[in-house]
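Quick heads-up: it's one chain on its own, the form predicted alone, in structure tokens.
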């Protein structure tokens, strides 16, 4: 006579099966099989960031090393950084989200309409988050239950969200008049010299790291990205997991939209332009595997700081934006080549 299995024991068995899907045929964890060294990778990114700081300090010492400029760099990194945290989860699961920039734009303009601003701070924040979640829900339903590939579904959302944002604004800039929102962007609201937007980014980063590395949700995300069929056989509801991931990405876009409204004091249909490329690039150079199965929040954050610092240095030195884009492209290609080389060396 078999003994009944408690819910806790069933969960432990399922977690063990999830962990098994991420192991190599030799029984070693997938990370070890690929020969990956997250600590070395993050230290390398810190080294790149240190070099960039040195370059900025050498070329424009008074401007770059000024505390207000460093605060600006961190504040600008906060907006795209929150988006990148959500993108990291999606890519780790083997998906992609090309609509994050458009969702940020739609959420920001919807949250700054005159009707929304009548409800003050809470109305703007609530609207931005709800719009982000709604777009993430549509993406998740189309991908998880509609059978559309992530590229097509999120590309359609990109076009639709941009079009709706343009329709709402009629091509005009919507100025924020709610003082409690605008006050978050002034130095008087800084906490120990740290802008509130940076604190929000820090909280999102910590929560994202805990969620990916210390919860069953994170293990399931990695398992789905590593081998979706094996994850399904292990008892994971793959479709539901993917739905949750795109909801998470939409939530991050909603939070980022609110931060952008605070930073710019307005809502525009052009907000979030190319955020999808910046978020994907930051996640990739941080060590998140583009094909899925491995993700790192710390690496993604360092990638965001690298790109934001590059942008700041180029702006201070009055260099053309096309050169900046070329530099970013070269970094992305180098990061992907390193990933492929590391994976190939780990398999031999």
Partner chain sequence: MPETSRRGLLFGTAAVSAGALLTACTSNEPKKQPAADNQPAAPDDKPGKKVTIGFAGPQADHGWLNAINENAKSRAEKYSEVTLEITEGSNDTAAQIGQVQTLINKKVDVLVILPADGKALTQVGLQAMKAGIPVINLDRIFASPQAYRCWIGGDNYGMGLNAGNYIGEQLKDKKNAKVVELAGLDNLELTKQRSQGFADALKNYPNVKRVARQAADFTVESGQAKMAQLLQAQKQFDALWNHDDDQGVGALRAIQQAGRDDFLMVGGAGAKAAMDAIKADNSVLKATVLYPPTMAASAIDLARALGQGKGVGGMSELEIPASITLYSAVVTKDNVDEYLPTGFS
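The model shown is predicted, which means the values in this text are computed figures rather than measured ones. Residue numbers count along the first chain shown, from 1. Just so we're on the same page, rigid core means the largest C-alpha set that superposes within 1.5 Å between forms.
The form predicted together with the partner chain exists for this protein as well; it is not shown, and the discussion that follows is about that form.
Though the partner chain is absent from this view, in the predicted bound form it lies within 4.5 Å of a heavy atom of just one residue from 212, 262, 243, 77, which is 262. Scanning 175, 194, 122, 149 against the partner chain in the predicted bound form with a 4.5 Å heavy atom cut-off leaves one residue, 175. Taken together, the three residues 94, 157 and 250 lack any non-hydrogen atom within 4.5 angstroms of the partner chain in the predicted bound form. Judged by heavy atoms within 4.5 Å of the partner chain in the predicted bound form, the contact stretch among the candidates 186-194, 131-139, 223-231, 203-211 is 186-194. Although the partner is absent here, residue 235 sits far enough away that none of its heavy atoms falls within 4.5 Å of the partner chain in the predicted bound form. The partner chain in the predicted bound form comes within 4.5 Å of no heavy atom belonging to residue 113. In the predicted bound form, the partner chain sits within 4.5 Å of a heavy atom belonging to residue 69. By the criterion of a heavy atom within 4.5 Å, residue 296 is excluded from the residues contacting the partner chain in the predicted bound form.
For the partner-free chain shown, nothing in 122-148 comes within 4.5 angstroms of the partner chain in the predicted bound form, judged by any non-hydrogen atom. Fitting the two forms on the rigid core leaves the C-alpha of residue 291 displaced by under 2 angstroms between the shown form and the other one.
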